[in-house]
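Okay, so here's just one chain, in structure tokens, the form predicted alone.
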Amino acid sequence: MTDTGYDEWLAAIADGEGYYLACPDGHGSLPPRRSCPHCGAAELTEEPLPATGEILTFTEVHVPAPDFADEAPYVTAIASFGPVKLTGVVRDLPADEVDLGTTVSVGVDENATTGESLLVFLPASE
């Protein structure tokens, strides 16, 4: 399945060239977008995604949705990367070490159940 705009964005992250969309007022959003969801501005530019973000909230999933059956148990989180918030699965970090404020980088990995690309958070290099 192709999700035009989103697939290209994931590919950019996988290539180390992650970005977000910014309007002239500095609001950040994620593709695909034609206008700013905050102010409606039609002029959006691609800006580099910060190298690290901070976990704002998370949950450990033990009873997954069917598309994540082979991932369980896993931690899903929302992390702030500057002006945008991303949702992803935490990888390479034990669940008991994930906490609010944990610094992470973003990457792309494969969903073990579906084989599709998946946004993941990794421990940030110090």
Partner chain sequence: MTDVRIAGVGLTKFGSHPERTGRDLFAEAALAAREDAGVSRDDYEELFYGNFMGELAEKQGHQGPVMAEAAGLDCPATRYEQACASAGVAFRQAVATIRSGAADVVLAGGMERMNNLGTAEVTQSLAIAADELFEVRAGVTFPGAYALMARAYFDAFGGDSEDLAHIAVKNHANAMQNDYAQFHREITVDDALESPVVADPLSLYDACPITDGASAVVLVSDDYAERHGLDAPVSVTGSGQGGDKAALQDRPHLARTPAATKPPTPPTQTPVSAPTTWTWPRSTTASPSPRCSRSNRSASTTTAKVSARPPAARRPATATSR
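Numbering follows the first chain given and starts at 1. The structure presented is a predicted model; accordingly, all values stated were derived computationally and were not measured.
Although not depicted, the form predicted in complex with the partner chain is the subject of the following passage.
Residues Gly53, Leu93 and Val106 are none of them found to lie within 4.5 Å of the partner chain in the model of the complex, as judged by heavy atom distances.
At least one heavy atom of Val89 is located within 4.5 Å of the partner chain in the model of the complex. Proximity of Leu118 to the partner chain in the model of the complex falls within the 4.5 Å heavy atom cutoff. Mapping the unseen interface onto this chain, Ser35 falls outside it, with no heavy atom inside 4.5 Å of the partner chain in the model of the complex. With a 4.5 Å cutoff on heavy atoms, Leu44 does not count as touching the partner chain in the model of the complex; it lies far away.
For the stretch 53 to 68, the set of residues having any non-hydrogen atom within 4.5 angstroms of the partner chain in the model of the complex comprises Leu56, Thr57, Phe58, Thr59, Glu60, Val61, His62, Val63, Pro64, Ala65, Pro66, Asp67, Phe68, in sequence order.
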